[in-house]
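Only one chain is shown below, in structure tokens, and it's the form predicted on its own.
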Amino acid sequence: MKEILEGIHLNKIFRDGDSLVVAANDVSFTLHEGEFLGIVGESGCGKSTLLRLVSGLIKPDSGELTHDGEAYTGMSPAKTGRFLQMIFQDAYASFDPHMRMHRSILEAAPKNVSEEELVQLLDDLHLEAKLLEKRPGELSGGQCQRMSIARAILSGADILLCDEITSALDVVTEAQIVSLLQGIRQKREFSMMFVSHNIALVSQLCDRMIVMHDGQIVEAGTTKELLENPKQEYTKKLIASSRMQSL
């Protein structure tokens, strides 16, 4: 399987008052073409920081990022947007509140995207075309998040970065989003990094998982391997906690 994205010895430290917070400590990973990679861990473990490093929203203190073998470390989101798109937890905040959805979605898309392609994608996401005439505040949370997924896919980027995109939604809508991503995967070629604190959710969607703790990757492997035979105590505790919450 072709390697499409790589992070090599990434480091990032933030200052919090008089203290230093190590958000990424020698983090290395790979993402393969067509792969869904889950990144799990407790709040503050560094998983969202990793996505922001990958997207170019923040720059690493050291380390390197490559896409298709070409370094892009330090490249701005305006430039990384041609090959990757970030989908945020707060879908409402990611849209201009005064702009209708039609314009918001097509602004990020190539000029040659047709109305038919847009409507077909919305149908794949179980969204009615008439919602394109509405503004973000007129949509439900689930509808708005699905619109943000549509915008990211229609941009033509081959990598989606999903940062806790279901955590603000109810359980039913969360399950719908996961199901829709699984369905779209069958029709469209893209890779994805999916950040969540919910291992059960990640296990339904992702081929491989990375477990982060205190800014470090403590364990990585296929989803099946990690769930059935975790090596690290921290991973075992995460899995046990996830199973308790699902009871």
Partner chain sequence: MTKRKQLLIRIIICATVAGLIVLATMFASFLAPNDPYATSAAAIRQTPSAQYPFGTDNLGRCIFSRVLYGGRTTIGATFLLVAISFVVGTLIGMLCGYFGGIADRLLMRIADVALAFPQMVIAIAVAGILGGGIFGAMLALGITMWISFARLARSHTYSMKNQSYISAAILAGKSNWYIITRHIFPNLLAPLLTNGLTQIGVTMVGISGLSFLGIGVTPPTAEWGAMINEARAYIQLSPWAVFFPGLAIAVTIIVFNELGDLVMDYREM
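Numbering follows the first chain given and starts at 1. Please read these numbers as outputs of a predicted model, since none were measured by experiment.
Omitted from view is the form predicted in complex with its partner chain, to which the following refers.
- Judged by heavy atoms within 4.5 Å of its partner chain in the model of the complex, the contact stretch among the candidates 126-134, 113-121, 139-147, 73-81 is 73-81.
- Among 153, 86, 165, 101, the residue placing a heavy atom within 4.5 Å of its partner chain in the model of the complex is 86.
- Heavy atoms of every residue among 52, 97 and 108 are located within 4.5 Å of its partner chain in the model of the complex.
- Taking a 4.5 Å heavy atom cutoff to its partner chain in the model of the complex, none of the residues in 13-33 make contact.
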